[in-house]
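In structure tokens, the next block holds one chain alone, the form predicted alone.
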């Protein structure tokens, strides 16, 4: 039976965290801040090297400060392998390794199984293994079998699901003041131990492991649905010539719906939503249960970048051979993560359509980019025939419209991220398009074929052609 109570944050524990990515590193640093004795293991030497020097390999506000605090107190250490971490005192091992989707959208759990096997093989006492990675329901039960097979004789391994709900660029805040903590376990005492790791006074959902695993998928799938719904509303607003921001505000003020994630833009991206939307659908296929709503949200998301390209095509009379300045490559502001970034999707579409793309982003790490990157925003803008704002960084919102107008070779500006004050930019002589603010045409027709309802019944003949009247 699922229950909801509050976390107690009762005692400190010795914790091993496997993986120093966004989830693992944030968890390790924040657990140390909460008073636990933490060792974080990272096998990748390129990622481990800055950690050993006290630097974070990822951009996350507040993380390096808490890393320094943990190192100073002696509660936070980093190591390359499990074998050298002193497993004798470890009570809980958190697994925060990647579960990337394969070509069919099914999550690849090989890294997770390897981490579980390694931790269990080095256990010298009964151990609780907490799976933070996003996995399909039933995975923790399978991982427990892997652990039991690898563990030394006499050592009992209990596997728990406790999914993360961290937003990149706000991960520390989300960890220390979460909306809820979810713990899925077969043993109530083990569930209590894991719940005690987290901050006190947080709503706690205790359930079985399959329920906890599904909560993560379902939560992210619903957020994707909200984003795609907002973009569908925005498309209607463009056709009608009305303001999506006002319409969605009117919708979101309904407390049953809420304003969060009801904002039109270039679509969702990042490391979580695309992967979990794919995983949710893969789960549905495996269970023979259709997931039509989530599938439709994914289709709408795929269309968002094409809709932005269409605006540029209309505004420029075609993008082939045109130089387009693209501000933003990260999937959202405040992070250096560009995985599944809508901005990169738009860049790829532009380049495939024959445009030249010159891009700037203050932090984004991009493995491969066919366009040109510049050192600052104005360098990207200089001489371009169109400007696209694809990520809502504050520095883009603060740009001077007059300065941009002087440097931009053309007049077309597309604010795909909702970062600009479009009125002031239009006053600077720029032709500015937004998302959900009317298409780049002056005429927004609304034709209702069944207009007859607006007239007296005895005058319907005036609105019928001969064929209908004869019928």
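Numbering follows the first chain given and starts at 1. Quick caveat, the model's predicted, so the values are computed rather than measured.
As for the form predicted together with a small molecule, it is not shown, yet the points below apply to it.
Participant: Which of these residues, 298, 276, 238, 385, gets a heavy atom within 4.5 Å of the small molecule in the model of the complex?
Facilitator: The option sitting close enough to the partner is 276.
Participant: Exactly one of 378, 121, 223, 323 has a non-hydrogen atom within 4.5 Å of the small molecule in the model of the complex; which residue is it?
Facilitator: By the 4.5 Å criterion, the partner-contacting residue is 223.
Participant: Give a yes/no on whether residue 167 approaches the small molecule to within 4.5 Å in the model of the complex, heavy atoms considered.
Facilitator: Because a heavy atom of residue 167 falls inside 4.5 Å of the small molecule in the model of the complex, the answer is yes.
Participant: Verify the contact flag for residue 342: yes if a non-hydrogen atom of it lies within 4.5 Å of a non-hydrogen atom of the small molecule in the model of the complex, no if not.
Facilitator: It does: once the small molecule is placed as it appears in the model of the complex, residue 342 has a heavy atom within 4.5 Å of it.
Participant: Can you tell me whether residue 304 touches the small molecule? I mean in the model of the complex, with a 4.5 angstroms heavy atom cut-off.
Facilitator: It does not: once the small molecule is placed as it appears in the model of the complex, residue 304 has no heavy atom within 4.5 Å of it.
Participant: Please tell me whether any heavy atom belonging to residue 268 falls inside 4.5 Å of a heavy atom of the small molecule, as the geometry stands in the model of the complex.
Facilitator: Contact check for residue 268: yes, within 4.5 Å of the small molecule in the model of the complex.
Participant: Picking from 87 to 95, 315 to 323, 145 to 153, 213 to 221, which part of the chain touches the small molecule in the model of the complex when contact means heavy atoms within 4.5 Å?
Facilitator: That would be stretch 213 to 221.
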